[in-house]
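Next comes just one chain, in structure tokens: the form predicted alone.
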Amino acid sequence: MRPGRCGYGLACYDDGGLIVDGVLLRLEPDLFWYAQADGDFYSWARAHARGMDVEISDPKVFVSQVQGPTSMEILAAASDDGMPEPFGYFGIARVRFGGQEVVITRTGYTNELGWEFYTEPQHDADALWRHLTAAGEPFGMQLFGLDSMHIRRIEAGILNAGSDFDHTTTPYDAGLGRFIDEDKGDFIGKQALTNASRKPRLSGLLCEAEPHIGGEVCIDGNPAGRVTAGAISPYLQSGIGIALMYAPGLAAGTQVTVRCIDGELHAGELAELPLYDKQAEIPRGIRVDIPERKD
């Protein structure tokens, strides 16, 4: 990964179980950041730095994001010098927002067109927030928390550490086997993963109602998995979810019943993730049509 680029990175225990996933930023030839989900990556990195010429530290950086069809227009308006070039998918740029230099990346937790910005200790965070809010107002930008991204991340098959996967699941279980370089030199968990099943256990769900997190997923009346994420998709006009199945390799289209938020079992089926935009054309800016909202 060359400087100025990001990559998706997994950290495993020695037994192949997942500890965390995140975005690895290569800011300089010898400077990396790891923007992580929940999980103690810092201690993991410190523990495995022994014998290496590397310094591990927590830079106390916090990440937020601007996501959606007008996000690049907002970036151009917010940047003191206009749109950074180049700034391709999974790229890194340094821009000035109201006189403050800020690292941004062409990434996000929604699989929408968008970017993330990184607030460092030297920043005036309140001034930065006011500047971005003012830049986004003409484009209808609103401020939301993680709940607003929950539906899109399920549709997109973006996983949440600690719920969709944990230390008991391997990358293959979680459908992340394509991110394992089996020909790479030694890495933590390699020996265990060499002998692990390659068939995924994590699956998307389509359902008549909203799946209940922790609810059972049954096949022919028998428990076969559990719901790890659930929501209603306005775009698909369906209940959607992610399920960790007990057995690997179950095919998309398998008919199931799912425990939903009303406490009842509803008909559903297993589905391939992501549930649409399977080539990630939306975040790449290739697909620009905006679906009509259905209330």
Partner chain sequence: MNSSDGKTRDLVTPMPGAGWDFSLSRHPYHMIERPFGPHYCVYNRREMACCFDQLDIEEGYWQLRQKAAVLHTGEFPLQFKGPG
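Positions refer to the first chain, counted from 1. Because the structure is a prediction, the values reported are computed rather than measured.
FYI, the form predicted in complex with its partner chain isn't displayed, but the following is about it.
- Using a 4.5 Å cut-off to its partner chain in the model of the complex, not one of Val95, Gly99 and Phe179 places a heavy atom inside that distance.
- Although the partner is absent here, Ala125 is a contact residue: one of its heavy atoms lies within 4.5 angstroms of its partner chain in the model of the complex.
- Although the partner is absent here, Pro234 sits close enough that one of its heavy atoms falls within 4.5 Å of its partner chain in the model of the complex.
- Its partner chain in the model of the complex is not approached by Leu273, whose heavy atoms all lie more than 4.5 angstroms from it.
- Looking at Gln191, you'd find every heavy atom of it more than 4.5 angstroms from its partner chain in the model of the complex.
- Listed stretches are 68-76, 196-204, 181-189, 217-225; the contact stretch with its partner chain in the model of the complex is 68-76, by a heavy atom cutoff of 4.5 Å.
- Applying a 4.5 Å heavy atom cutoff to its partner chain in the model of the complex picks out Leu146, Asp147, Ser148, Met149, Ile151, Arg152, Glu155, Asn160 from 146-160, in order along the sequence.
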